[in-house]
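Only one chain comes next, encoded as structure tokens, the form predicted on its own.
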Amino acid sequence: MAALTTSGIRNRTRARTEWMLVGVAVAALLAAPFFLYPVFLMKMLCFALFACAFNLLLGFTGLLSFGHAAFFGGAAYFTAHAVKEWGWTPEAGILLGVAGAALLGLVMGFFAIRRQGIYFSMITLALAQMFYFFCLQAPFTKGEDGIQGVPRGHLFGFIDLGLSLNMYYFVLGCFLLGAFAIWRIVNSPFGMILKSIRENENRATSLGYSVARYKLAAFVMSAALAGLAGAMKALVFQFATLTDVTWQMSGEVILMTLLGGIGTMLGPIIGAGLVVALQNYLATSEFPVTIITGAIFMICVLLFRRGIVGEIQARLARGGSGEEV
């Protein structure tokens, strides 16, 4: 009884500490644009949300997608076209991007979830490449030139997103909303079923769960949140190009998630921040960025197989169990 009480106190203390860290992180993000370049921070937030959306599928459902760039870049194209050509407001353009990414996720997921393992991954890659060639040929994407000069517009008709500070806090709000949605999904009964599918799909099926439906729902949710990240990126940089839908972009988000830690809430954010910071720092140097990121990935695989955050959590858990003993 005393051991249970001690364990409960420890869990409450840990939860309180985690929420305090979240509060500190949010406060730091609110103050960050006064000390760092806002565009760099916005890029980091967009890719952090993209990595978190991908982690919802890989880390908590166990499905490795090689085609998430289709949702990220597709939403960027939808939003950019709607805002520039149709004169939509930024919030309406972003909603269109999210809806378009969710629809793409529904179509791609419908075919992909029929297979498992590497076959699932290859189907997502093939469908994403089909979408890439569609974007290359479609008139509304402007081909290799992309959609350029996208206006940021006025949020709700009166907040000028042309000002970097206003745009940053809008992106931060969308990021926090997306991160909270992922946290809520993961910690809901639906999220528990996703984890059970990841651990033992056959057992989940034997318990009466429609595994295919849960997989498809997770795929669509992940695609929609990736679309939110892509739509924001289109407004931040004011363009959408083929770079956003290439297979290299899918590989980049996989790298971010693996570096930070699969199946953790904070891992993809740390991984995305690390990769974006390296790209920004080495952009003006003559040394290839891919070599640096590849070397860091190899080091993490060899020394931190669970990723940076995953390894830290594992060591803390071992320390906590040692204290209980």
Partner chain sequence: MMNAQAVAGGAGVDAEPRVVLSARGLRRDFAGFVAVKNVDLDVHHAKIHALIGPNGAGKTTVFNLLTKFLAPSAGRIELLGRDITHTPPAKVARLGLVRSFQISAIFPHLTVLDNVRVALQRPGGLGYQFWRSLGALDLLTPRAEALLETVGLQNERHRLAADLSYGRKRVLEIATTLALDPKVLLLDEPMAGMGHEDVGIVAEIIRDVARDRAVLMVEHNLKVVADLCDWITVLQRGEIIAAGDYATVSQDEQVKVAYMGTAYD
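Numbering follows the first chain given and starts at 1. None of the values given here were measured: they were computed from a predicted structure.
Form predicted together with its partner chain: not shown, discussed below.
**Message:** Check for me: heavy atom within 4.5 Å of its partner chain in the predicted bound form, for each of 190, 210 and 213, yes or no.
**Reply:** Heavy-atom distance to its partner chain in the predicted bound form: all three under 4.5 Å.
**Message:** Looking at 185, 127, 147, 179 here, can you tell me which has any non-hydrogen atom within 4.5 angstroms of its partner chain in the predicted bound form?
**Reply:** Flagged contact: 185.
**Request:** Counting non-hydrogen atoms within 4.5 angstroms of its partner chain in the predicted bound form, say which of 89, 166, 116, 200 makes the cut.
**Result:** By the 4.5 Å heavy-atom cutoff, the listed residue in contact is 200.
**Message:** Check residue 195 for me: does it contact its partner chain in the predicted bound form (non-hydrogen atoms, 4.5 angstroms)?
**Reply:** Residue-level check for residue 195: yes, a contact with its partner chain.
**Prompt:** Can residue 137 be called a contact residue for its partner chain in the predicted bound form at 4.5 Å between heavy atoms?
**Reply:** Heavy-atom contact with its partner chain at 4.5 Å: absent for residue 137.
**Prompt:** So in the predicted bound form, does residue 221 come within 4.5 Å of its partner chain, heavy atom to heavy atom?
**Reply:** It does: once its partner chain is placed as it appears in the predicted bound form, residue 221 has a heavy atom within 4.5 Å of it.
**Message:** Residue-level question: is residue 206 within 4.5 Å of its partner chain in the predicted bound form, judged on heavy atoms?
**Reply:** Residue-level check for residue 206: yes, a contact with its partner chain.
**Asked** What stretch, of 157-165, 213-221, 118-126, 79-87, brings heavy atoms to within 4.5 Å of its partner chain in the predicted bound form?
**Response** Careful reading of the contacts points to 213-221.
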